[in-house]
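As structure tokens, one chain now follows by itself in the form predicted on its own.
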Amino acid sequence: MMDTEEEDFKSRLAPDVTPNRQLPWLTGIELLSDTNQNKHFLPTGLEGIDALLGGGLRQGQVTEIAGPSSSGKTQVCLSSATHVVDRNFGMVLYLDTSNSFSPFRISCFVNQLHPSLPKELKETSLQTIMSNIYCQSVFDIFALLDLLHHVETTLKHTVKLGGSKLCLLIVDSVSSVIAPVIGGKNSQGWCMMASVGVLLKRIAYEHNIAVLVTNHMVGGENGTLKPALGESWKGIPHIRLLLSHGTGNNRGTTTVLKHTLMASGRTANFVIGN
């Protein structure tokens, strides 16, 4: 990707006020046609998860992956970013709130994708993939809100870089910037959380983008763990998956907590490459 194109994209991520507007009314036929023609599945690269979801992450929807520490949440994000770009679906925007983005892991996934490629071609593939993954560090909810507004403004200009359109937005993790502001009776924090949720859903729906967010676990009733951020956030994701440790270091199990097309409770095993 050309440096000038990259700078053009970054320069468009500038503050702007997004005016409220009424979306057009659509008939059921129009919605069905849009789903069949435009709401594609983006692969995570993890066979068990992709099979469980019917193909992967659905464009136009927000998917949340919840789980305890070291359950594989970030690995799913990195694998998804790698496979989406490798299969030429488009570019990826990765919002990193905890310094978890790992170029080394991306290179490992590329090696697994193309084990028989000569070294030079493998390096070319890695450079292509990395140049289509834009990573931005975000450490508080104010920066996250600003950046999401800027992304929405940028998308309105239908910016394309090197022929690629943004197709996947990752926030890893959304809970680490929201949790600190929603304690106690302060309503401002809850309002900001709701704003983040609305922005993510609007970006997904209006621009046909798959949004993937991660969430940590907190203690619930009787000492059981549950996804953080409470009941107010529970309604934001279209799909919620729970990751848990499997029998090996790179094995895990995913359970459907919420899905628009299937009952909760379905499970699948997955393996993350070394």
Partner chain sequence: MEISNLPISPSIRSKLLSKGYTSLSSLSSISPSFLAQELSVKLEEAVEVLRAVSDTTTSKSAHIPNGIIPGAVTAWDMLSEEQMQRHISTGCEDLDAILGGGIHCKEVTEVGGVPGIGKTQLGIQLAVNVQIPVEYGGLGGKAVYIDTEGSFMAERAYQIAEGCIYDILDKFPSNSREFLSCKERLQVNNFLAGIFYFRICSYTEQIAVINYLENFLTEHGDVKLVIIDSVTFHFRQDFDDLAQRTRVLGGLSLRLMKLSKMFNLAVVLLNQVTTKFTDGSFQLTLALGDSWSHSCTNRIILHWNGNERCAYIEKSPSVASASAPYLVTGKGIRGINSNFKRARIM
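Not measured: the values here are computed from a predicted model. Positions refer to the first chain, counted from 1.
Not pictured, yet referred to below: the form predicted in complex with its partner chain.
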property	result
Contact label in the model of the complex: T97 to its partner chain, heavy atom within 4.5 Å	yes
Contact label in the model of the complex: G246 to its partner chain, heavy atom within 4.5 Å	no
4.5 Å heavy atom contact, R87 and its partner chain in the model of the complex	no
Any non-hydrogen atom of S79 within 4.5 angstroms of its partner chain in the model of the complex	no
Segment that reaches its partner chain in the model of the complex - one of 40-48, 53-61, 236-244, 216-224, heavy atoms within 4.5 Å	216-224
L126, M193, A204, L144 - the one with a heavy atom within 4.5 Å of its partner chain in the model of the complex	L126
Residues of stretch 118-142 in contact with its partner chain in the model of the complex (4.5 Å, non-hydrogen atom)	L126, Q127, M130, S131, I133, Y134, C135, Q136, S137, F139
